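As structure tokens, one chain now follows by itself in the form predicted on its own.
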């Protein structure tokens, strides 16, 4: 009788708690939030082979785009919390609540690695009558509603950057929406719009080829990928309240994943980020390495959510107030 009771108790514990024997004991699944060829996809496929070597196991990556990333988030959240399904994503889930796109965000996951962040740059037509941010503001004030700003819809990087810019200066411009960075930059080169905020990596080749010019880096310091282009805080120190800010790329697992899996994955991706080939990859595209995890990563995520949620809400782009979700003001 005693043996039966003990056996039943052990069986109950084994059922309730995932048992990990030498994690990883099998291949993992990497769910990439965006489509093939995009920034998230390219970064994950560049860093993961190095992590695979560190773990001695393969990560089978799958693109699962749609719903501004919500489809991949919901899929990963529906899987077991065992460390074998990795969410490879960007910043978008941190705006789901205020934008009315869903109730699940990165608070429901454990950060394995915040790999890198992109730095936004304000680009303009190559023959625009201004060469820096202050000159652009002066020109807009003298010519209201004549300057056309590109955007990619509510919650996208351009809309948040435009909201940030408008929080400190009067930008009486005409906003033109586009379905993605590519179409917007094509429109800029064709003269359909005058200005567009975009991540450095997406615009760098066009800038270097002279097809557009960089007006300012939206950061607290200059970026090595754009020598001679000043950070926006040099003209308006008030923007330091929001900075550094930009799109970010990272890897998460579902909350309650066993500690052994979490620590193994965190160590593997930390090693992978230090690989010289991956560092060179980031440098060439103007990305800033982060390499943070755990509490430090969560603090970054919370601050990003605070800054972005309040910017989109106060600019009229959000459906819900951040207060509804206890998101503090920055």
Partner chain sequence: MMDAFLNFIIPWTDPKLLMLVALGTFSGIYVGAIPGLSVTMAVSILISFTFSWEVYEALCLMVGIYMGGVYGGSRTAVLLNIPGAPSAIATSFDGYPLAQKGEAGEAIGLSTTMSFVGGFIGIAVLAVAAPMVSEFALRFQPRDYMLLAILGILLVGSLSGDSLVKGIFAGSLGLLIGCVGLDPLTAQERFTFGMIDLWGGISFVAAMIGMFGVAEALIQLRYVDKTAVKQKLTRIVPSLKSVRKYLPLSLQTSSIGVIIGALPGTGGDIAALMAYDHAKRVTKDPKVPFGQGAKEGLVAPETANNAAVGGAFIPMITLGIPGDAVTAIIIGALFVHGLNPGPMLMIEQPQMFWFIVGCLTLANVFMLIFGLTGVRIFTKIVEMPRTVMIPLILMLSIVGAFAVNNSITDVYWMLGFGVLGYFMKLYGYQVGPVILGVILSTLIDENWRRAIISEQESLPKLLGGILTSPLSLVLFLAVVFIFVSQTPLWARFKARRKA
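Since this is a predicted model, take the numbers as computed values, not measurements. Residue numbers count along the first chain shown, from 1. What we label the rigid core is the largest C-alpha set whose atoms superpose within 1.5 Å from one form to the other.
Absent from the display: the form predicted together with the partner chain. The rest refers to it.
Tell me whether 129, 276 and 291, taken together, all sit within 4.5 Å of the partner chain in the predicted complex, counting heavy atoms only.
Zero of three within 4.5 Å in the predicted complex.
Of the listed stretches (251-259, 84-92, 106-114, 152-160), which one has a non-hydrogen atom within 4.5 Å of the partner chain in the predicted complex?
Single hit among the candidates: 152-160.
Does the partner chain come within 4.5 Å of any heavy atom of residue 145 in the predicted complex?
Close contact exists here: in the predicted complex, residue 145 approaches the partner chain to within 4.5 Å, heavy atoms only.
Touches the partner chain in the predicted complex: residue 241 (any heavy atom, 4.5 Å):
Output for residue 241 is no: heavy atoms all beyond 4.5 Å of the partner chain.
If we define contact as a non-hydrogen atom of the residue within 4.5 angstroms of the partner, is residue 272 a contact of the partner chain in the predicted complex?
Flag for residue 272 set to no.
Is residue 56 part of the interface with the partner chain in the predicted complex - any heavy atom within 4.5 Å?
Close contact is absent here: in the predicted complex, residue 56 is far from the partner chain, nothing within 4.5 Å, heavy atoms only.
Would you mind checking 157-178 for residues with a heavy atom within 4.5 Å of the partner chain in the predicted complex?
Residues within 4.5 Å: 174, 175, 176, 177, 178.
Return yes or no for residue 152: a CA shift of at least 2 Å between the shown form and the other one, with the rigid core superposed?
Comparing forms between the shown form and the other one, the residue 152 CA shifts at least 2 Å.
Under a superposition restricted to the rigid core, does residue 178 display a Cα displacement of 2 angstroms or more between the shown form and the other one?
Passes the 2 Å threshold, so yes.
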